Ligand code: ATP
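What follows is one chain in structure tokens, specifically the form predicted alone.
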Amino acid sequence: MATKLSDNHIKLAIQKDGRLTEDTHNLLRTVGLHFESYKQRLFSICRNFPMDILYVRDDDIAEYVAEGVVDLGIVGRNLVVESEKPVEEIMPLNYGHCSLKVAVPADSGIERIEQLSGCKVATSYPVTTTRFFAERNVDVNVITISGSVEITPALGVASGIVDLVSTGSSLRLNDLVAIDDVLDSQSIVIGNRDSLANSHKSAIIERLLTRFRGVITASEYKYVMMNVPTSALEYISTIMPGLKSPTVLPTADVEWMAVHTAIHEDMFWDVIEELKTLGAQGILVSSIEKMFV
């Protein structure tokens, strides 16, 4: 097994240990990459794709990509915005969803960010927070905190906070309420600009991105097979066009047709209910594991 990084491979930096790590590993394996991922490893070499994976602190990923230490990174968009590093945001990955929010004590009486004018606001994201309030002409004193930001109002350190919120449970536990959104975030792929301009590297990168797009598309659709009355086929086709158009096959009974299609999860249940009212029978549903575009 190779034990050093290859000059002919692209390099991808991912979070070594944190909230995105498991989902990132799952994504890489779902797109067919074979690699070892022990926690003590600093890097892995893909056995079936020209790519090396580096395991680093998430705070360092944007800088590594900007400096050309790696060609690509998978990281939360919140960290990319905060870093202000010159990288390309290539594509979202549809996991790790969260938001930076302005929050205040529930009993503070503060309902609008304008009421924080002249107050202290604690955050681990001083660059993003400063820009947010400046763009809204609200003069606050931003205090940078590296630890538990939620406790600062209770300690009298700040009147409000800007912090990353996923479910909101941490805010509720600390008697805080969100009053404004600063930034929506999720995991994204970022790229080094020189690497994207390099013909050899960009070709490999595009192969990887094609796999990512296929998996993301597949996760948003469900594959449906059913028998529908021939008389209702034309209308049924209009309510469930699938990715392009449904696949229609004849059955032994000329009054029935077999239909295969993919339905977006956002409209899935509404469509299924309408199909049943139109006489569809034998509806079978499965997840689409891979759908390369």
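Everything numeric in this text was worked out from a predicted model, so none of it was measured. Residue positions are given as counts along the sequence shown, with the first one as 1.
Quick note: we don't show the form predicted together with adenosine-5'-triphosphate (ATP), though the next part is all about it.
S.K.: Determine which one of 196-204, 96-104, 130-138, 174-182 lies within 4.5 Å of adenosine-5'-triphosphate (ATP) in the model of the complex, judging by heavy atom distances; exactly one does.
M.R.: Flagged stretch: 96-104.
S.K.: Since exactly one of Val121, Val149, Ile74, Leu79 fits, which has a heavy atom within 4.5 Å of adenosine-5'-triphosphate (ATP) in the model of the complex?
M.R.: When adenosine-5'-triphosphate (ATP) is considered in the model of the complex, the option within 4.5 Å is Leu79.
S.K.: Please identify the residue among Ile216, Leu208, Ile113, Val165 with any heavy atom within 4.5 Å of adenosine-5'-triphosphate (ATP) in the model of the complex.
M.R.: So the residue touching adenosine-5'-triphosphate (ATP) in the model of the complex, by this definition, is Val165.
S.K.: Given adenosine-5'-triphosphate (ATP) in the model of the complex, answer whether the residues Leu12, Glu63 and Glu67 all have a heavy atom inside 4.5 Å of it.
M.R.: No residue of the spot touches adenosine-5'-triphosphate (ATP) in the model of the complex.
S.K.: Find out whether any non-hydrogen atom of Gly18 is located within 4.5 angstroms of adenosine-5'-triphosphate (ATP) in the model of the complex, and reply yes or no.
M.R.: So Gly18 counts as contacting adenosine-5'-triphosphate (ATP).
S.K.: At 4.5 Å between heavy atoms, is Asp58 in contact with adenosine-5'-triphosphate (ATP) in the model of the complex?
M.R.: Yes.
S.K.: In the model of the complex, which residues of 120-141 put a heavy atom within 4.5 Å of adenosine-5'-triphosphate (ATP)?
M.R.: Only Tyr125 sits within 4.5 Å of the partner.
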